[in-house]
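This document starts with one chain, in the form predicted alone, laid out as structure tokens.
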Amino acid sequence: MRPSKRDELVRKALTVFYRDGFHATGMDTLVLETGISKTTMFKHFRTKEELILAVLRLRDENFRNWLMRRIADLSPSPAGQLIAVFDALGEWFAEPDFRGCMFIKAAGEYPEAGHPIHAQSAEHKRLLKKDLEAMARAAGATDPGLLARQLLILKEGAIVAAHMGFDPDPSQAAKSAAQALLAQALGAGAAG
């Protein structure tokens, strides 16, 4: 099925915003890069911020679906999947178009917690934490909520380190820390 103009615009805008940022990308740039007229853009989105929100929703869906599928491919067990998050991140970091986390960038460009773009970015992280918590519970962690928060913080730190380039292998450094946290959360034994 052929995507609608709206879907095509959101998909193409995601690429441009991810590469160039939100404030740095004007509507004229989006017209040039997407090949979609301003009239068509404003027919589907009253403001640039509405378009950004649609882009963030698509990125959330794409990223979380990719991550959950990838970790399921890497390990059959919930404990293994919690550790596989960091192997999947390493694959993402190695992609030539890796530019860090779109949600961290969005929250940085729209720093007010009550702003819809900031809130949408925070929701992405909340949903990831919820996914990690469900895996931690299935793995038998004594405090699944705490483990999920710890792993999410490691994940976010690895993304920042990869984007900024100050660590030679941030996904593996975070994976090593995650293994220690998981072993502690499971009460001992080997993890991952």
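Each residue number is its position in the shown sequence, starting from 1. What you see is a predicted model; the values in this text were computed from it and never measured.
Not pictured, yet referred to below: the form predicted in complex with the DNA.
With the partner omitted from this view, the residue of 129, 57, 48, 137 that lies near the DNA in the predicted complex is 48 [heavy atom within 4.5 Å].
Site annotation in the predicted complex: the residue of 153, 27, 146, 164 reaching within 4.5 Å of the DNA with a heavy atom is 27. Using a 4.5 angstroms limit between non-hydrogen atoms, residue 66 is distant from the DNA in the predicted complex. The closest non-hydrogen atom of residue 44 lies within 4.5 Å of the DNA in the predicted complex.
Residue contact with the DNA in the predicted complex: residue 142 places no heavy atom within 4.5 Å of it.
Proximity of residue 53 to the DNA in the predicted complex falls outside the 4.5 Å heavy atom cutoff. Residues of just one listed stretch (154 to 162, 32 to 40, 120 to 128, 58 to 66) have heavy atoms within 4.5 Å of the DNA in the predicted complex: 32 to 40.
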